[in-house]
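The chain below stands alone and is given as structure tokens, in the form predicted on its own.
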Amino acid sequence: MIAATHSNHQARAAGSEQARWDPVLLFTFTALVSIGMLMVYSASLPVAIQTTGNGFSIAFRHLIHLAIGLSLMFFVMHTRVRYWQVMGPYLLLGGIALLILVLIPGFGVHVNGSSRWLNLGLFNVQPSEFVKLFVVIYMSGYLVRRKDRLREFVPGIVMISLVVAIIGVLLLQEPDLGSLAVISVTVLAMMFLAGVRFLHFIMIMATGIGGMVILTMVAPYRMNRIAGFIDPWADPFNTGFQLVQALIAFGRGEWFGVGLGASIQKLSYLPAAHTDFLLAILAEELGLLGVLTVIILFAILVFRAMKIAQLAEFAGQIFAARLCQGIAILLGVQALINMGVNMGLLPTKGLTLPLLSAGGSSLIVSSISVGLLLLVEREIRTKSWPQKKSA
């Protein structure tokens, strides 16, 4: 009887351990979205009062998007990894269909010279944000299906390049060069980690860089952004305006910031203060300490995702490993680009800071991405639990 009771206690203990989700990922995710919620409210307050008369209106919309993201994240966490491998091609086709739909008059929402959104009534959806994740899921499955052909140029490299090219053509019609850059870098990095030939990798990377340069040179507004990036003070009220205002925000923040809610730059000086340039407002209000905190949290998120990928590969779950690598690269690259733009290290791009900036589609997709990481980690850990106990 005593032995049976002890056995039942061990079984319950094992079950409770299996039921837990990765604490590092959960803490990092919670910290980032909490900082984001706080900063979106602070940064959007003047704009919200000016446009709606309600200072909490933009923050409330952000909160609704966060609730949707958390719900979908919870759903994803209770699925199975193999389902996503099967669904990869269908998700990609659906994403391409949405990119086409957004370009059709009457369906796409035209804002500031771009058609990037679909109107769903209560709010707009940006298909390119979902396509980023869909490409990662599809690419993860492709690298598993083609693992024996990856070192061949045409069947291993050219085919996936054609898929990216099709998506790129659609994104450029919006236009959305920033999302194309994120997708291209993510796919290149995933191919490199999967073991493609280094020569092939260099060829594709050189082609991609050359294409980005050409696309920049043929568009006058992109060239203006480059000019504003190289010397923003040469035209501080036009091409260099955003960067100048962002740098002023960073300068005012110093070590510990001017205090939460005390930003001056958000008072109609810095455009997109609660979206693309949220980090600049964070730097002004919370200082270098706040910026370093955000950078460290993103570093933890990326390194933890890579560690989970390593564990998945050791367990023989190659799709899960490639998926975690892709998500780590996707979130890390977009965060780096956004931070680089805010700090004047990169030309201006219309990219949000994942999990922090206001932007419903970005927040929802980032939440789903973290949910996939949690799903993979739990599947790997729980499936290996009996072996660990018996070892």
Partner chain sequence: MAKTKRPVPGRLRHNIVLIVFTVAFVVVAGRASYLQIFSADYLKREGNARYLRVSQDNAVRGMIVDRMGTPLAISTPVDSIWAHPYTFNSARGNIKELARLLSMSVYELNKLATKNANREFMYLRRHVTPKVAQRIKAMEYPGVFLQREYRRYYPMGSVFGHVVGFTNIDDVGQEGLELSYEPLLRATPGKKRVLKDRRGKIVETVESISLPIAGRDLKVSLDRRIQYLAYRELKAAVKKHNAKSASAIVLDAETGEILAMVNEPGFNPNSRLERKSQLFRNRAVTDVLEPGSTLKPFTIAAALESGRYTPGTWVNTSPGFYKIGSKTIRDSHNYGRLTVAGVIQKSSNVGAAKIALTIGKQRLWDILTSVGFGQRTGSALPGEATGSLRNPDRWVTIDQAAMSYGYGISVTPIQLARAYTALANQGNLVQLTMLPGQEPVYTENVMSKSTATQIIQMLELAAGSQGTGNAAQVRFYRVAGKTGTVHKLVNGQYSDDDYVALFAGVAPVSNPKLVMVVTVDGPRGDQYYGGQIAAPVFANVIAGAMRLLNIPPDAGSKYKKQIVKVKKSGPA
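Because the structure is predicted, anything quoted here is derived from the model rather than measured. Positions refer to the first chain, counted from 1.
The next section is about a form of this same protein that is not shown, the form predicted together with the partner chain.
- Between the partner chain and the residues G141, G178, G253, G108, the one pair within 4.5 Å by heavy atoms in the predicted bound form involves G253.
- With the partner removed from view, the residue among F74, W233, Y90, Y221 that has a non-hydrogen atom within 4.5 Å of the partner chain in the predicted bound form turns out to be W233.
- Residue heavy atoms within 4.5 Å of the partner chain in the predicted bound form occur in exactly one stretch of 212 to 220, 167 to 175, 189 to 197, 91 to 99, and that stretch is 189 to 197.
- A residue is said to contact a partner when one of its heavy atoms sits within 4.5 Å of a partner heavy atom; G332 meets this definition for the partner chain in the predicted bound form.
- Although the partner is absent here, E152 sits far enough away that none of its heavy atoms falls within 4.5 Å of the partner chain in the predicted bound form.
- Remark: T52 does not count among the residues lining the partner chain in the predicted bound form, judged by a heavy atom distance of 4.5 Å or less.
- In the predicted bound form, the partner chain stays beyond 4.5 Å of every heavy atom belonging to V136.
- With contact defined as any non-hydrogen atom lying within 4.5 angstroms of the partner chain in the predicted bound form, the contacting residues in 270 to 288 are A283, G287, L288, given in sequence order.
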